[in-house]
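Heads up, the chain below is alone and in the form predicted on its own; it's given as structure tokens.
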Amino acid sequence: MLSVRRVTKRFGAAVAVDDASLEVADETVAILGPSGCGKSTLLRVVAGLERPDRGTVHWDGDDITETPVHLRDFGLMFQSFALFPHRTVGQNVAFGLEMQGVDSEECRRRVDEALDWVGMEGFTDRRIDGLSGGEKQRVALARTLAPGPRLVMLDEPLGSLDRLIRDRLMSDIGQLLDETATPAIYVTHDHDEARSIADRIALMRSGRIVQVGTWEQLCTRPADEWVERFLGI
């Protein structure tokens, strides 16, 4: 289980994350809030890409605040896809497995398995620049899942796609995370994405997590007037 304990992160005089605490067990938790509220910064602290000014990050009770990114065994998927244009689809998905030192036969098996998960079987030898935006996002998700991370983090993964593709992938991602039983943090500013994909939602405002619960709990027992307005109650 992931446990974020009273994390604060500053950039100069600006406080991006302010005394934030969050727990993620065997579930998908969405961090939902307006742009600039600190969602992505909190995710980067969990990933180890940013060091908190105060507070700690724990996994199964162990303090991993100072653990390097590559030793955390977390998978991170960005909005920008971050795929390698000079690699084929299969080579992109294999990248994390190669970094783990997985042998070639097992690597091929897990690449095929991951592409099957995201509905892209048969795309192994395709070039990245020939894919649509939705297909690229599926490849990025397969690459994130292939190494079998103990936690998946998705940072606004559908933000750059049109509505039709977003709606289709929204359903697929939620189902895939359930099927693979992978704990996940899903950062978004979109109410529909959070409601569709997450088991619980952490509402974030001005660097602080103001309420955590299911969509129904947030709507029926909002913590304050801002939560009511933001959720459109």
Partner chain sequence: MSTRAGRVALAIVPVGFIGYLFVYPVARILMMSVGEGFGDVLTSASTRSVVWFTLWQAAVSTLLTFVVAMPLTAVLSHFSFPGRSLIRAMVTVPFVLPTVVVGSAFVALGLSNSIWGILAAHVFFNVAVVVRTVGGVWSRLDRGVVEAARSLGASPLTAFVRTTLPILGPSIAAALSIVFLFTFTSFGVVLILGGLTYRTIEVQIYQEATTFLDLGAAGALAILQLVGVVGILWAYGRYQRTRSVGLELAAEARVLRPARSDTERAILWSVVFGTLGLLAAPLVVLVGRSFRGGLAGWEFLVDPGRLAITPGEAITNSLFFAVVGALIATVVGMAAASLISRGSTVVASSFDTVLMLPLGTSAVTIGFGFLVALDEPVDLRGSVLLVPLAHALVAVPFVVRATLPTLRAIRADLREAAAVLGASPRQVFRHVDLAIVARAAMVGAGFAAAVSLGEFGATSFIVRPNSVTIPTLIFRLLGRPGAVTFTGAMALSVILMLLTTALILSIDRLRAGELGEF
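Note that the structure is predicted; figures quoted are calculated from it, not measured. Residue numbers count along the first chain shown, from 1.
The same protein also has a form predicted in complex with its partner chain, omitted here; what follows describes it.
> Quick one: which of 25-33, 204-212, 190-198, 43-51 gets within 4.5 Å of its partner chain in the predicted complex, going by heavy atoms?
That would be 43-51.
> Looking at the partner-bound form in the predicted complex, is Ser104 within 4.5 Å of its partner chain by any heavy atom?
Taking the distances in the predicted complex, the answer for Ser104 is no, it never comes within 4.5 Å of its partner chain.
> Please tell me whether any heavy atom belonging to Arg143 falls inside 4.5 Å of a heavy atom of its partner chain, as the geometry stands in the predicted complex.
Yes, Arg143 sits close enough to its partner chain in the predicted complex that at least one of its heavy atoms falls within 4.5 Å.
> Given that its partner chain is not shown alongside this chain, does Arg108 nevertheless sit within 4.5 Å of it in the predicted complex, heavy atom to heavy atom?
Close contact is absent here: in the predicted complex, Arg108 is far from its partner chain, nothing within 4.5 Å, heavy atoms only.
> Taking heavy atoms and a 4.5 Å cut-off, does His58 contact its partner chain in the predicted complex?
Although its partner chain is absent here, His58 would stay clear of it in the predicted complex, with no heavy atoms inside 4.5 Å.
> Output the sequence-ordered list of residues from 61-76 with at least one heavy atom within 4.5 Å of its partner chain in the predicted complex.
Heavy-atom contacts within 4.5 Å come from Val69, His70, Phe74, Gly75, Leu76.
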